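The form predicted on its own is given below as one chain in structure tokens.
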């Protein structure tokens, strides 16, 4: 019902504004270009829950977004996106601003450009974070959860602050650097559980001294791509009255190495992420943990069909890779500390606007499942999931 109410509102806004379709992809409202997308998915898992009651079959995963771009002058631009997303307990279907920023280009010539963005900016993280919001541009329905967690999507996708960038053409390729100093978004239902292991009465608040930077190199017209992302994300915990925890700080240092090679019909992508996190304060001794995560995905394209095979590996703690120490200490299943996911799937691009997607996940472990959605603890170590979706863009 929430989705249909939102769709009605968006349709009326377009009609009242006199929007006119002028290409297969865009709507023009005065000088503003408007794009949109929508997707509806069906999920069926044989045991644990993901994005709703998937163990009984679930249609609770849908996305609807409208974004706009306004070029005031060659040097000044504005961009923003409103998104409605329902993903079970991980997302409640309320509309939110994914990003909204002003961009000023202070240097632009044939070989280089540079500029600054101010507002809610998209985090420069790996290959897919910048396009993960649009279902039709993702390489699969579900991105590799070892790197692009959907339970903490708001935390990952954008932040409020200042971002600078520079693009430089060099021999046989293009070099791009992006860096931001921003306050991370912490309004994700599962973020407290991810950081503190449980839902707490206090609140997490991002600090504006957080930063993230990425260096990306495209070689031979994108045939080869390399990227290195690093940053330090700082989050404060503000305890509530009667809270069992004291004020504390969560420091998160991601280091992400990304490599991709593309040929005419096939391609391979690999990303390796080290998550280094520290909990200090809280009324207990400081805790520091490193976790290594990676995925490898191969793609094969035939006309309008794209097939992929992926292995995705998540580890919460390198010193306890199978979770045995965690189980002995906290009396929770060891398999909640890691996940191994084999996925096979494909996409059929019916036309430029419409596509059908399907994928099958065979998983050992539950490290990226929502604890809230699974009533505190996912119950099964081995589980499978079928995902199917239809996505539309304009």
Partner chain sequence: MVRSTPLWLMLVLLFSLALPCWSADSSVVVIANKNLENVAVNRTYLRSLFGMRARTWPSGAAVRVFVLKDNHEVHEKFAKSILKTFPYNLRKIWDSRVFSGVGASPTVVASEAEMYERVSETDNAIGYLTRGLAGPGVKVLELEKI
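Numbering follows the first chain given and starts at 1. Owing to the predicted nature of the structure, the values given are computational and were not obtained by experimental measurement.
The protein also exists as the form predicted in complex with the partner chain; that form is not presented, and the subsequent description refers to it.
Colleague: Check each of 92, 263, 246, 288 and return the one that places a heavy atom within 4.5 angstroms of the partner chain in the predicted bound form.
Modeller: Partner contact (heavy atom, 4.5 Å) among the options: 263.
Colleague: Tell me, which of 292, 205, 71, 160 has a heavy atom within 4.5 angstroms of the partner chain in the predicted bound form?
Modeller: Contact residue from the list: 71.
Colleague: Each of 188, 198 and 311 within 4.5 Å of the partner chain in the predicted bound form, by any heavy atom, yes or no?
Modeller: The answer is no: none of the three residues contacts the partner (heavy atom, 4.5 Å cut-off).
Colleague: Which is the contacting stretch out of 234 to 242, 271 to 279, 311 to 319, 122 to 130, given heavy atoms within 4.5 Å of the partner chain in the predicted bound form?
Modeller: Stretch 122 to 130 is the one.
Colleague: Given that the partner is absent here, does residue 36 sit within 4.5 Å of the partner chain in the predicted bound form, heavy atoms only?
Modeller: Yes.
Colleague: Examine residue 46 and determine whether its closest non-hydrogen atom to the partner chain in the predicted bound form is within 4.5 angstroms.
Modeller: No, residue 46 stays farther than 4.5 Å from the partner chain in the predicted bound form.
Colleague: How about residue 174: is it within 4.5 Å of the partner chain in the predicted bound form, going by heavy atoms?
Modeller: The answer is yes: residue 174 has a heavy atom within 4.5 Å of the partner chain.
Colleague: Residue 104 versus the partner chain, in the predicted bound form: is there a non-hydrogen atom within 4.5 Å?
Modeller: Residue 104 lies outside the contact set for the partner chain.
Colleague: Hey, which residues along 59 to 95 are within 4.5 angstroms of the partner chain in the predicted bound form, non-hydrogen atoms only?
Modeller: Those in contact are 67, 69, 71, 74, 77, 79, 81.
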